[in-house]
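To begin, one chain is listed below as C-alpha cells, in the form predicted on its own.
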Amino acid sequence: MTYRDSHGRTLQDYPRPSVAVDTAVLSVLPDGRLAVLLANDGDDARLPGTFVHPGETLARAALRALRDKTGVDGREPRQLHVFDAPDRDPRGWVLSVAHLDAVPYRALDFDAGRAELRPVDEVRGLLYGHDEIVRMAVERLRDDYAASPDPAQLMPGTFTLRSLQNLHESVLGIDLPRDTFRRTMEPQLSTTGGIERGGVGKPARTFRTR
C-alpha cells in the first residue's frame, strides 16, 4: 500500500535534494603541518565524495568514494555534520553528509596520481563548499586534542612526552607550555617502564595511551 500524508500526497510528490557524502581525511605531515587529503580531478581539487546510490548506506558511500577517488581503503570515518544550505552546490540542491577521519601519515596509503595531502592552512577555493567542511573537520579534531592525549592514535604505540607534545602542537597549530602540557597529559597516560635514548640530555621515559 502506498503511503500518503494528510494532504493525500506520496513521498514522490515532494521535491527532494540529492544526498552526497564528503570525507575530510586529516594527517600530520613529516614536517609537522596538519594536512587534508584531496582528490584531484584535472585542475580541480576537492574532498573525496560521491552521491549516495539507491540502497546504499552513508558509511558505504563514504568508503566507496575514498577508495575510488584516492585509493584509500579500510578506514572508518565518522559523521561530522550535515551541510544543507540550499545554494551550497552550483549543481543543484545537494545535502552533504560530511565525514571525518584522522590517519597517521605512515599508515595513509593513497594513490598519488589521484590525490594529494595539502596543508590545511593552504586550503581555499575548493569546489562545492568543501572549504567549510575542512574548516569544521579541523576544528573538531582540535577540540578532541585540546584535553586528551592523541585521541585519534596518530602516534606509534609508545612515545615520549616531548614527541606527544610535538604532535599536539601540529594538530592545534599553536605552541604549548611544556609544564602545563605535562601536567594535563601525563595522568592520562600509561608508562611503559622504558626510556628512549639517543637524544640530547637525559633519556626520556616512554608512554602509551590507555
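Counting begins at 1, following the sequence as shown. Computed from a prediction, not measured in an experiment: that's the story for all the values here. Whichever C-alpha set is largest while still superposing within 1.5 Å between the two forms counts as the rigid core.
FYI, the form predicted together with a further copy of the same chain isn't displayed, but the following is about it.
K.L.:
Counting only heavy atoms and a 4.5 Å cutoff, which of 143-151, 157-165, 180-188, 49-57 contacts a further copy of the same chain in the model of the complex?
P.N.:
This holds for exactly one stretch, 49-57.
K.L.:
By the heavy atom within 4.5 Å rule, which residue out of 117, 95, 103, 126 makes contact with a further copy of the same chain in the model of the complex?
P.N.:
Selected residue: 95.
K.L.:
Counting only non-hydrogen atoms and a 4.5 Å threshold, tell me whether 16, 79 and 90 all contact a further copy of the same chain in the model of the complex.
P.N.:
Result yes, every residue of the spot touches a further copy of the same chain.
K.L.:
Hey, in the model of the complex, does residue 86 get a heavy atom within 4.5 angstroms of a further copy of the same chain?
P.N.:
Because a heavy atom of residue 86 falls inside 4.5 Å of a further copy of the same chain in the model of the complex, the answer is yes.
K.L.:
Within 114-136, which residues have a heavy atom closer than or equal to 4.5 Å from a further copy of the same chain in the model of the complex?
P.N.:
Contacting residues: none.
K.L.:
Superpose on the rigid core, then tell me if the C-alpha of residue 18 is displaced by 2 angstroms or more between this form and the one not shown.
P.N.:
Where the cores coincide, residue 18 still shows a C-alpha shift between this form and the one not shown that is 2 Å or more.
K.L.:
After superposing the rigid core, is the C-alpha displacement of residue 57 2 Å or more between this form and the one not shown?
P.N.:
Moves: yes, 2 Å or greater.
K.L.:
Considering a change of 3 Å or more, are the Cα atoms of residue 121 and residue 90 closer or farther in the model of the complex than here?
P.N.:
It is farther: in the model of the complex, the C-alpha atoms of residue 121 and residue 90 lie at least 3 Å more apart than they do here.
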